[in-house]
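Here's a solo chain for you in structure tokens, the form predicted alone.
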């Protein structure tokens, strides 16, 4: 489908995209650029890219597909850096975890050419970062959310972008950017924040290390995502701070409610609180149609 992929950012997400695109015979060649020359060189050594470029503009020259895999805070500067070299027919996408800020950055940087940019968020990843962790199967079977702009994206634009992710084995859906950020705050960004805070809470206790020494699978599962990349998650939480804070306040209310039940030793209320959450979680399926559940959360 594409003669040349320009990979801007040689890390886990970008490297995995390049490997998957090669495996799907989606691209003819791959050129990589990274602010870290060592990362780009490693991508070359691993055969993830065919060539490396000294600048982002050099990388995108002649490319008909461009993937930006950089921190969301760097989106505008990155787009501006290669715009003069960007082909008028090239498709540009990102993999950022927030979308309202990315859309705003694209509008500022690209102006009348913003229609070439299709905001995308693949819902996948690993706790470990770096080009060495790149995996051709990372996107297989995963959801990808596109947040097209009604003002500039046509059905053909959306279809073209969807075809790329579908070729990698992804399930594609669309959402408005603001709705995306609200949803992801609830099911991704805030859960990461909770995991980080839980680890910090344990670390602040004199017996924290002793407690962790006897931890089991429940602790492992609850804190797994706390091992995420610090730079990446600092950017995500700051970019979506308003929605994450709203989720934090909602959880705080639920915790206060449960604490009150515990203080009153109200076993029926505690059991009902747990049962409602347990039933809804049991009905949930990753990325699939949600089963109905008789237990309905209270308003």
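Residue numbers count along the first chain shown, from 1. Predicted, not measured: the structure shown is a model, and the values here were computed from it.
Another form exists, predicted together with a further copy of the same chain; not displayed. Remarks below refer to it.
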| message | Since the partner isn't included here, can you check whether a further copy of the same chain sits close to all of 182, 224 and 265 in the model of the complex (heavy atom within 4.5 Å for each)? | response | yes
Query raised in the report: Would residue 139 show up as a contact with a further copy of the same chain in the model of the complex if we use heavy atoms at 4.5 Å?
Result: no
Residue-level question: is residue 212 within 4.5 Å of a further copy of the same chain in the model of the complex, judged on heavy atoms? yes
- Heavy atom to heavy atom, is residue 82 within 4.5 Å of a further copy of the same chain in the model of the complex? no
Taking a further copy of the same chain as it sits in the model of the complex, is residue 167 near enough to touch it, meaning that at least one heavy atom pair lies within 4.5 angstroms? no
Testing 59-67, 22-30, 237-245, 35-43 against a further copy of the same chain in the model of the complex with a 4.5 Å heavy atom criterion leaves exactly one stretch, namely 237-245
Picking from 109, 152, 172, 198, the single residue whose non-hydrogen atoms come within 4.5 angstroms of a further copy of the same chain in the model of the complex is 198
If we test each of 100, 86, 145, 91 for a heavy atom within 4.5 Å of a further copy of the same chain in the model of the complex, the one that passes is 145
Within 268-284, the residues having any heavy atom within 4.5 Å of a further copy of the same chain in the model of the complex are 270, 271, 272, 273, 274, 275, 276, 277, 278, 280, 281, 282, 284
